[in-house]
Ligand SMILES: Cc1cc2nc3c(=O)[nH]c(=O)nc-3n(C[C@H](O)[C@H](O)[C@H](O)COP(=O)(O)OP(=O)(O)OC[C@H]3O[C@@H](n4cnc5c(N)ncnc54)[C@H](O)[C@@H]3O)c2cc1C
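Just one chain is shown here, as structure tokens, and it is the form predicted on its own.
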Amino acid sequence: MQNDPRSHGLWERTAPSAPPTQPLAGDIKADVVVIGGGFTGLSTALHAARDGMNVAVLEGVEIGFGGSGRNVGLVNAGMWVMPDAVPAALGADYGERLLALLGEAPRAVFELVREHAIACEPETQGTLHCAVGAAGLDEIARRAAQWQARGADVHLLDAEETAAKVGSRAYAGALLDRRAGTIQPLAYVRGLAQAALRHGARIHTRSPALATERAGAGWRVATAGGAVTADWVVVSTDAYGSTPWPEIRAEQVHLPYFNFATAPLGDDLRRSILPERQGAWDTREILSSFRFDRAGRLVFGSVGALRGTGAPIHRAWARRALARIFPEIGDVAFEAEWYGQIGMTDDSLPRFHKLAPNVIAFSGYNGRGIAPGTVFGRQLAAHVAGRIREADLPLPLTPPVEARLRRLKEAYYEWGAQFAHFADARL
């Protein structure tokens, strides 16, 4: 996108084309205007349009331009934090309600994929959270026990079972979450857009929202080419938004994350590495993730930005790390490389905001955007349609609060990842 091969990398090369869209030209009316064309915004648009609402989507660049089109493609249940930490932070009512919703969120994604025949390479064999050393094994054991206490289909694997599923003896164990899986994320978000259009939603790309003002009981949202007047406004820009609600961006610390994709591996390697096609990531603080695409490319990623000195440092580290985890892979060639930003909140939990009367937002996915974004969009549509009360949404209403030491933390993540990956060659 925007002639930048490092923005969406492999996903842009292999996704079906986005449905045709145009910038907003002139003034239109709608029941709800959705700001942002990612997972949350397009899920909101699809579900609201299916409910018979008149929906307009304003996307500043292109469908899936933000994190929705750049991420690894892991369709995970829950959040990064331990399950027990969610009710501890939100209270038992909201906490258990959120865990129940996010526990079934991957199923909701795959049901939409089947219902709308979205060609996004779905794999539903689960995910593997791989333990590095004794500390990592303790972490996944506690996570497994907390999910199992809630009836989740998760299983703690020992080192031998993990080696069989990963194709590597680098890990002390793994947590297999059978609820989860992988998709081609840009293909999925484009499929959501196509489904929303078929149900009557209007999607205007290259139409960033620039200003808002009250229009009777509703709102007028202006772009460079026109405006949408609507009863409701749903803000779903997350980490990539700036105007007209800069407080959404300010409450999040940007964590850069990159991915490299190998050329398609040979048949023997594809049978030995992740033979059941789970997506995987490890317990390191500066983690690694890896998964296959449908053509047999191994997608390998970690924390860091592919710009300036970061690009050669992270590229060299990725080759070394792959050789350590999968020695049989040899000297790999990368076909594609790309990166983006993950929006992290201070407590690693998402937020629900009422920015003004009839102006609502979910944000702060903390690296878990696919499944949560999909079900939060469904919840927002139901709320706008009057089927879910504000008090029954999965998060309490909170005001946006700027993240502590935001700029310092962002610099630390980018430069710290470079240092860690550079030093890794010398340890």
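This is a predicted model, so every value here is computed, not measured. Residue indices: 1-based, along the sequence shown.
Beyond what is shown, the protein has a form predicted together with this ligand; the following relates to that form.
Scanning 208, 95, 122, 167 against this ligand in the predicted complex with a 4.5 Å heavy atom cut-off leaves one residue, 208. Exactly one listed residue, out of 162, 71, 278, 184, brings a non-hydrogen atom to within 4.5 Å of this ligand in the predicted complex: 71. Contact with this ligand in the predicted complex, defined as any heavy atom within 4.5 Å, is confined among 48-56, 393-401, 28-36, 379-387 to 28-36. Not displayed here, this ligand is approached by residue 243 to within 4.5 Å at the level of heavy atoms in the predicted complex. Though the partner is left out of this view, residue 177 does not reach within 4.5 Å of this ligand in the predicted complex, counting heavy atoms only. The shortest heavy atom separation between residue 361 and this ligand in the predicted complex exceeds 4.5 Å. For the chain shown alone, residue 232 is not a contact residue for this ligand in the predicted complex, no non-hydrogen atom being within 4.5 angstroms. With contact defined as any non-hydrogen atom lying within 4.5 angstroms of this ligand in the predicted complex, the contacting residues in 333-357 are 340, 341, 342, given in sequence order.
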